[in-house]
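Coming up, as C-alpha cells: structure 1 and structure 2, two forms of one and the same protein chain.
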Structure 1
C-alpha cells in the first residue's frame, strides 16, 4: 500500500468565482490507476469530488483529464508512473475546455464540431435496396481501422495549441473522424465532407504533433495530413489560402531545395489579389527595415536533384 496524495482542482461554477485546490490522501496500492485512486477518495474521503468515468477499460473515453500536466485517460494511468517522490499526483480538468465542476468540463464545443461533420455513413442508395449488408474489402478497411479506434476522449483536442488560440478550429478528433468517412467507399458525400472540414479551418493545423499523444494510438496528425492531401487531390476549395499555401511551398522546395519565401507569400495570398498583397505590405516593409527581406529569386541548391527524388518517391502532388 502507498499513501497517495491527490492534488485536485476544485471548482463549482454554480457557487465559485475562482477555483481552489484540495489535497486528498488515500491509502491504495501504487499500481492502482489514477481513476481508482479518485474513486477511493470520493468513496472514503470526500463524496463531493466530481469527475466523469464509466468503463474503466479505456473504451468509453469518459475519464480524460490532465494528470501532472499531461492529458490522458485516468483509467489507463497507473499511479506509480505519475506520482512524485512525496506521492503527490496533480489532477486537473482538460485544458481548452471550460470547467463545470472539479474535473468535469463543458464538452459542447467539442461535440458541436464533431456533429457538424455528420459523422455517420451517407450512402448513395437506401438500405432496403440491398439484400445483404454493404461489403468493404479488407484493403479498403485497412485505411479506416486505426481511426475507428477513436473513443472521442478529447485528449487530442485538449492538447491542441491551435484550439487554445483559435476555438474556431475543428480540432484533431473531428478531422480524423471526417477522414474515416471521406475514405469509406460506401459513402457518397466525400466532396461535401471535404468542403465542410475546409470551412472548419482544416488548414489552421500547425502539425506540431501534440495530438499524436493519443491513448488509443489513432494519431490524428497523420489523418489531418491525409485529409489535406484528399482536398488537393479532389481539388476542393482550391482557391482558399490553405491549399494554395501547401502547393506553393511544395513547388518552391521541389524546384530549388529551399523555401522561396517571396514566392510563397505571393502564391498564398494570390498574385493578382492586390488588396490582399497590400495587407501584407507593411510586414514586408518592417522586414526590409530590419534587413530580413528574403531574396526575390532563389537559386537551386547543390544536389537539388536529390530533393526532387524524395518528392517523386512520396508522390507529392504538384500543381
Structure 2
C-alpha cells in the first residue's frame, strides 16, 4: 500500500468564481490506477469530488484528464508511473475545455464538431431496397479498424495547440472520424464529407504530432494526412490555401530539389491576391531590412533530374 496524495483541481461553476486545490490522501496499492485512487478518495474521504468515469478499462473514454499536466485516461495510468517521491499526483480537468465541476468539463464543442460530420453511414440506396448485405473486403476494412478504435475521450482535442488558440478548428478526433467514413466503400457522401471537413479547417493542422499520444493508438495525425491526400486526389476545394500550399511545395521541390521559400509563399497566398500578399508584406519588409529575405529564385541542386524522375515515377499531381 502507498499513501497517495491527490492534488485535485476543485471548482464548481454554479458557486465558485475561482478554482482552488484540495490535497486528498488515500491508501491504495501504488500499482492501482489514478482512477482507482480518485474513486477511493470519493468513496472514503470526500463524496463531492467530481469526475467522469464508467468502464474503468480504457473503452468508454470518459476519464480523460490532466495528470501532472499530461492529458490521458486516468483508468490507464498506474499511480506508480506518475507519483513523485512524496506520493503526490496532480489532477486537473482537460485543457481546451471549460471546466464545469472539478475534473468534469463542458464537452459540447467537441461533440458539436463530431456531429457536424454526420458520423453515420450514408449509403447510396436505402437498406430496404438493397437486396444483399453491404460487403467490405478485408483490405478495405483494414483501413478503418484503427480509427474505429477511437473512444472519443477527447485527449487529442485537449492536447491540440491549434484548438487552444482557435476553437474553429475541427480538431484531431473529428478529422480522424471523417476519414473513417470518407474511406468507407459503403458510403456515398465522400465528396460532401471532404468538402465539409475542408470547411472545418482540415488544413489548419499544424503537423505537431501532439495527437500522437492517443491512448487508443488511432494516430489522428496520420489520418489527417490521409484526408488531405484524399482532398487532393479528388480535387476538392483546390483553390483554398491548404491544397495550394501542398502543391506549390511539391512543384518547387520537383523543379529545384529544394523547398523554394519565396515561391511557396507567393503560390500559397496567390500571386495575384494583393490583399493576402499585403498581409504578409510587413514581415517581409522587416526581414528585408535585416537582409534575411529568402532568395527570389532557388538554384536547382546538382542532379535535380533524379528528383524529377522520383516525382514522375510516383505520379504526383503537380499543377
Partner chain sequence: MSATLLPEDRPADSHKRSHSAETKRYGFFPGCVAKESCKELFNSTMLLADKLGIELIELTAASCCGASVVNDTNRDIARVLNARTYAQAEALGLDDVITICSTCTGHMRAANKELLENEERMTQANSILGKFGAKYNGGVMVRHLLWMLIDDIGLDNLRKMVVRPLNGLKVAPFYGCHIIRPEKVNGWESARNPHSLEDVVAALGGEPVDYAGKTRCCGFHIQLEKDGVATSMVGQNMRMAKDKGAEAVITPCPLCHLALDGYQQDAASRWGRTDLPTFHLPQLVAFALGVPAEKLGLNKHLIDPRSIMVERDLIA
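Predicted model only: the values in this text are computed from it and were never measured. Positions refer to the first chain, counted from 1. We call the rigid core whatever largest set of C-alpha positions still superposes within 1.5 Å between the two forms.
Q: Is structure 1 or structure 2 the form predicted alone?
A: Structure 1.
Q: For residue 304, state whether the C-alpha moves by 2 Å or more between the two structures after rigid core superposition.
A: After core superposition, the displacement of the residue 304 C-alpha between the two structures reaches the 2 Å mark, so yes.
Q: Is residue 70 one of the residues whose C-alpha moves 2 Å or more between the two structures after the core fit?
A: Residue 70: C-alpha displaced by less than 2 Å between the two structures.
Q: If I superpose the two forms on their rigid core, does the C-alpha of residue 280 end up displaced by 2 Å or more between the two structures?
A: For residue 280, whose C-alpha is compared between the two structures after core superposition, the shift is 2 Å or more.
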